[in-house]
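Here's a solo chain for you in structure tokens, the form predicted alone.
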Amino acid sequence: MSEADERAIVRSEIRWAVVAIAAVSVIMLAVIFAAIAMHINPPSNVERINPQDLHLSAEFTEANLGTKVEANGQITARIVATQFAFVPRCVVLPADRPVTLRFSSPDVIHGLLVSGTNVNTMVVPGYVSQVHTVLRKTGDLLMPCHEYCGLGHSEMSGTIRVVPSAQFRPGPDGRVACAAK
């Protein structure tokens, strides 16, 4: 191989190295821009919970499940994903207002998505999954489990009932429940 051929190869390798570095730099700048300007960050709040006494802990006891308006006005829905049901099966949330959905599981990994929204998460035993969203579409939105969790998996689904903000009326205790349709 001649010296001219070697120089051509080195120039080619340097060009491709510059292209690779430029591509990585553009992606890194996009991530930094999204984090700073658009406030989009990867999930970093890891909350652990003991799945064996999940139903005994303060947050996920049966009396605390469902939708509640906190004292500070924050709307939170707490749901337990268990084989083969979501408890409660239906939660009511207001349209066009920020809401927080909190999930946990006492048994196996579950996955869920809320149809027609950006809500899509995994529910892993031992952890609390949390999603912040604003629901724009009113009506009953299907919430199926999308992670195979056993023989009854195909029957596991819940409902998010989104009502106009004017119709979202919590009781004196701050709770809202699905009425039978």
Partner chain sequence: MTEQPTGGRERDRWGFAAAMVVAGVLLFSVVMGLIVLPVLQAPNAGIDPWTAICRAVGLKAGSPAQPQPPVSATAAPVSQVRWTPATLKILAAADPRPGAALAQAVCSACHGEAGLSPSTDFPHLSGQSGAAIYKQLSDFRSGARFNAQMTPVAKKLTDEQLAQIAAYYGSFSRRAAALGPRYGIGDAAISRLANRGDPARALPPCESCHARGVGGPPEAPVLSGQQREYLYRQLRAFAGGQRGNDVYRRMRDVSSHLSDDEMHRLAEFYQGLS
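Residue numbers count along the first chain shown, from 1. Remember, it's a predicted structure, so these values are computed and weren't measured experimentally.
Just so you know, the form predicted in complex with its partner chain exists too; it's not on screen, but the next bit is about it.
In the predicted complex, its partner chain lies within 4.5 Å of some heavy atom of R89. At least one heavy atom of D107 is located within 4.5 Å of its partner chain in the predicted complex.
Interface residue remark: V80 is counted as part of the site for its partner chain in the predicted complex, having a heavy atom within 4.5 Å. Scanning 107 to 146 for heavy atoms within 4.5 Å of its partner chain in the predicted complex gives D107, Q130, H132 in sequence order.
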